[in-house]
Ligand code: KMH
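Next comes just one chain, in structure tokens: the form predicted on its own.
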Amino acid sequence: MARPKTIITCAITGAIHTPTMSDALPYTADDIASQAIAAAEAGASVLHLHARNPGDGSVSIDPDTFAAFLPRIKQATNAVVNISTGGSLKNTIEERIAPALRFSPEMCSMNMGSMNFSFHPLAKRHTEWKFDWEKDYVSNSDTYIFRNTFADIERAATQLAPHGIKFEHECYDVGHLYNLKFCMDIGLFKAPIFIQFIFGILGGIGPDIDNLIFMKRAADRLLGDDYRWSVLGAGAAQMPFATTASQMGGNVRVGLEDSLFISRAKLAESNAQQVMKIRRIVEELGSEIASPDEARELLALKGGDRVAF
């Protein structure tokens, strides 16, 4: 049996954990749109999108901020748009889902459990900051809890259900897979589902290949054939984990949200550069890249004609 084509997701600009320490990281509407379009042209079939305040690069979950770039991306590409529901570590679930409620995208992220989500060690490694808010936000992240209670998950799933959105279920540890199974058992989510295994975030499971195999086996045991999966390796784990996942029959996620680098100690010039690198690796190892329409078929999406932007 032929291996399914590999879906490349590109996470264009982070909100929770990516400070603007790289000039390549987009934060204005123009830069987010242009980098998203370039990533799609490079081979990303899914674009995972956050928004930032154009004045200071800080997190924005104001739907009007998304409105400045979503239509431009849709007009210029056929890529699947995936809107984050992560927001920042200080937002309520109602605030975090507001953009998805307004724009009704084909996909949006869904974090599957609360966790200590910290990146405070970065504060000791950097002495220069682009914006005033960044140093305190990063250094104080050891006090943050990324809240995703069962009530939060149910509220988000219930309010977004009429929109026919496919969720990217972000699982930072094995307990999140059990949370997902529970939510499926009570009818919140229906198969086939799409899981993003996430490795390398402080507070979540570590970036060891043994953990990838463990998470995949746990998902197989819990969910059988009712899911498709992808891998996000944070920081230096990005390319090794994406490469391994592609050879295991999974899909991949890259992008400046997850890593600012293209290789060891070398900052990436753009999101498209990361997409081109993983595409070359995947294709040279014998797999094919999924087009946006092939991704829609593989993930059972509603189609780009049913979004509200």
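Computed from a predicted structure; not experimentally measured. In this text, residue numbers run from 1 along the sequence as written.
The same protein also exists as the form predicted together with ligand KMH; that form is not shown, yet it is the one meant from here on.
Trainee: For the spot marked by Tyr172, Arg253 and Asp258, is every residue within 4.5 Å of ligand KMH in the predicted bound form through some heavy atom?
Mentor: The answer is yes: all three residues contact the partner (heavy atom, 4.5 Å cut-off).
Trainee: Have a look at 70 to 78, 235 to 243, 187 to 195, 106 to 114 and name the one stretch with heavy atoms inside 4.5 Å of ligand KMH in the predicted bound form.
Mentor: This holds for exactly one stretch, 106 to 114.
Trainee: Looking at Ala100, Leu180, Ala156, Ile201, which is the one with a non-hydrogen atom within 4.5 Å of ligand KMH in the predicted bound form?
Mentor: Here the answer is residue option Ile201.
Trainee: Decide whether His50 counts as a contact residue for ligand KMH in the predicted bound form under a heavy atom distance cut-off of 4.5 Å.
Mentor: Output for His50 is yes: heavy atoms within 4.5 Å of ligand KMH.
Trainee: Note that ligand KMH is not shown here; using its position in the predicted bound form, name the residues of 69 to 98 with a heavy atom within 4.5 Å of it, in sequence order.
Mentor: Residues within 4.5 Å: Ser84, Thr85, Gly86.
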